[in-house]
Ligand code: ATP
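Here we start with a single chain on its own, the form predicted on its own, put down as structure tokens.
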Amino acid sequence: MAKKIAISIPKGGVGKTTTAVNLAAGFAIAEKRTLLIDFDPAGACALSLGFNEANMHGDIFQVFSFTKFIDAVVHKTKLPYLDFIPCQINTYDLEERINRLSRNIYLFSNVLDQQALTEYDFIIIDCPPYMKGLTTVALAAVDSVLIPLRSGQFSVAALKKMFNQIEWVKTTINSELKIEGILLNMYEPRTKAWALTIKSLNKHFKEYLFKSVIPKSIAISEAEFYGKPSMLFDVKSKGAIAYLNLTAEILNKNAVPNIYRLTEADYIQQANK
């Protein structure tokens, strides 16, 4: 059965989509069968993987509205072990319809029970930057939440809101929901903002912090312009290696059986195949 991880925090600009895409790609490079599902109406996952309207043949909204089966909207990517379901909510009317559908909190839980998804080892969901609607639907269905965070007081405030929401979901909907970890993203050492942020995190959330951190990286931004995960754009860049280290940390933390012991050299070899 797949491990289901939501990437979520009620704040934009913290690298949710970048993390979702690169973590999914990291799992795929480690030869774990992975499905990335975009829940964000902005649809940025598609751009990060080289998809556009011309080469997409369905999305998650069509599954929720019962016009297509889930296996009909799965897209193959450039990585053999990575599949993708986009989100193409590009009009106000569609957004209103999906908001109405998402009032059924168990909507996604029912979708994930379909036989077509039993082949995956990991399912990654990129959530929108707010708590209501699709985010709550995702949290009701997943096993854990990964929370990306960048420096700043607003980010820390959003993190506290995220924890409150997780606690509410655990109490009322999904008692098995866990926190996969807090990921420091766009990290710039030796800056005052990050020093203050880490001080606050160590005081309140230290036990949830990943050891891996994602540095601020030009290569990660450039990769998105080329429609590639960072490890397919430049596997030796600091950003790519950081996401691969994060992948290894999660696999080892969850004691996922590996075909080999994960190391940076293993990842580079796999990514260059």
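This one's a predicted model, so the numbers in the text were calculated from it and none came from an experiment. Throughout, we count residues from 1 along the sequence that is shown.
Unshown form predicted together with this ligand; subsequent notes refer to it.
- Residues placing heavy atoms within 4.5 Å of this ligand in the predicted complex fall in a single listed stretch, namely 178 to 186, out of 178 to 186, 138 to 146, 100 to 108, 75 to 83.
- For the options Pro215, Pro41, Gly50, Gly58, the one in contact with this ligand in the predicted complex, meaning a heavy atom within 4.5 Å, is Pro215.
- Among heavy atoms of Ser221, some come within 4.5 Å of this ligand in the predicted complex.
- In the predicted complex, Leu251 stays away from this ligand, with no heavy atom inside 4.5 Å.
- In the predicted complex, Pro129 approaches this ligand with a heavy atom inside 4.5 Å.
- Shown without its partner, the chain has Lys11, Gly12, Gly13, Val14, Gly15, Lys16, Thr17, Thr18 in segment 1 to 29 as residues with a non-hydrogen atom within 4.5 angstroms of this ligand in the predicted complex.
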